[in-house]
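First comes one chain, alone, set out as structure tokens in the form predicted on its own.
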């Protein structure tokens, strides 16, 4: 079945249908990762977006029941050069095409993904649509009359409806309250590995309700959309900041930026991939990181003790914050990245060390843990 991809600037790509038939609308973005397509498809941070993968062959290791990062597919649509029909991996349960069709996700394959990526790099990400039914002219008309990506609060669409606890075997060392703005399962898995039991709360939960259970620390999750729309979450973060140790990831970094006087701006084509170099300004060390965000914190308006801790070496944008006095830090990239890289997984251990220090633990020399 034929399919077309239309961009709001009038660019049209013709290809073949991938997954379900029909049509879908969203912000068209690209990801440069070579692996991890199932994690990308199920990452809530991609809600509202049509994702193009720059690696030419996708689906070569199939899809399995274990690599989900949320309960469902989150992308609005999917774009690949070639979708493998005969995957080779002992964990594979079905093909990419069957997986997308089963979950009613509209995609397109067989287009020049290099040309599309160049267009998005030059002109910036833009709204678009994939269709197996409409003409190009009709599709363009509908794109231009659709709401923009930045006008929708996607966090409310992906957050949990009710609080829940992530399963934990044994006796946890700490209890972490996680504010779910679009959390990936691997964040809770990573917290469990360092001894933390996690209670996950909807994004609309007031600070008072979170503090009622007296958690040892707070985690601010990643999530989709424009953080400028999340004033209600920022107010919650402000109230939590003076009460408990906090770690923020991706959108959580941006929320802390807002809570401490700053704002965000939209990147031309975002950071999405698994090879972004980030420099830790404290140690000077450079890490290769996995990223997925379209907005960045303005470093010039931070106040009340918050400062930049990490920068992106490609474009100099903010990749992490730290507070000079309070037990608060955040990173714009993903320490829980699956399938990788795992360079920054140590941040979960750093968070636990911060919780121990706050608790007043002492090491064998009698000094506070750091």
Partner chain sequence: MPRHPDIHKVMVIGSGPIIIGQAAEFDYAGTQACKALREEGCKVVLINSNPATIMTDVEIADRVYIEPLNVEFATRVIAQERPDGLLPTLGGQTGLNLATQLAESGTLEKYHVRLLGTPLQSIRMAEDREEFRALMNRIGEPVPESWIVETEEQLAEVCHVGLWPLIVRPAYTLGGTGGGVARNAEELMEIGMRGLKLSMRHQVMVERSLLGWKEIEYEVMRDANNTCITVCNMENFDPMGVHTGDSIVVAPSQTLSDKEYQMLRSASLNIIRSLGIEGGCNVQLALDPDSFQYYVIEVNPRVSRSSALASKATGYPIARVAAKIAIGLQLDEIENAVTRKTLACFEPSLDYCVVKIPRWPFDKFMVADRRITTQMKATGEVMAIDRSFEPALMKAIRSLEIGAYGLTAKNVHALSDMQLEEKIATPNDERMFAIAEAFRRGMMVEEVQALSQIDRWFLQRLQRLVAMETRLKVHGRAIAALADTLDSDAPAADLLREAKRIGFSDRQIAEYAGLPESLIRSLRRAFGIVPTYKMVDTCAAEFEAATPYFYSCYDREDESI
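Small disclaimer: the values here were computed from a predicted structure and weren't measured. Residue numbers count along the first chain shown, from 1.
This protein has a second form, the form predicted in complex with the partner chain, left out of what is shown; the following refers to that one.
Item to check | Partner-proximal stretch of 202-210, 171-179, 86-94, 222-230 relative to the partner chain in the predicted complex, 4.5 angstroms, heavy atom | outcome: Contact criterion met by 86-94 only.
Checklist entry - Does residue 36 reach the partner chain in the predicted complex, with heavy atoms at most 4.5 Å apart? => result Within the cut-off, so yes.
Next on the checklist: Contact with the partner chain in the predicted complex for residue 286, defined as at least one heavy atom pair within 4.5 Å: yes or no?
Outcome noted: Yes - in the predicted complex, heavy atoms of residue 286 and the partner chain come within 4.5 Å of each other.
Checklist entry - Would residue 340 count as touching the partner chain in the predicted complex under a 4.5 Å heavy atom rule? => result Residue 340 belongs to the contact set for the partner chain.
Checklist entry - Is residue 307 one of the residues lying within 4.5 Å of the partner chain in the predicted complex, judged by heavy atom distances? => result Flag for residue 307 set to no.
Item to check | One residue of 144, 114, 104, 72 in contact with the partner chain, assessed in the predicted complex (non-hydrogen atom, 4.5 angstroms) | outcome: It is 114.
Item to check | Contacting member of 153, 235, 134, 82, with respect to the partner chain in the predicted complex [4.5 Å, heavy atom] | outcome: Among 153, 235, 134, 82, a heavy atom within 4.5 Å of the partner chain in the predicted complex occurs only for 82.
Checklist entry - in the predicted complex, does each residue in the set 67, 269 and 277 place a non-hydrogen atom within 4.5 angstroms of the partner chain? => result Heavy-atom distance to the partner chain in the predicted complex: all three under 4.5 Å.
Item to check | Residues in 192-218 with any heavy atom within 4.5 Å of the partner chain in the predicted complex | outcome: Not one residue comes within 4.5 Å of the partner.
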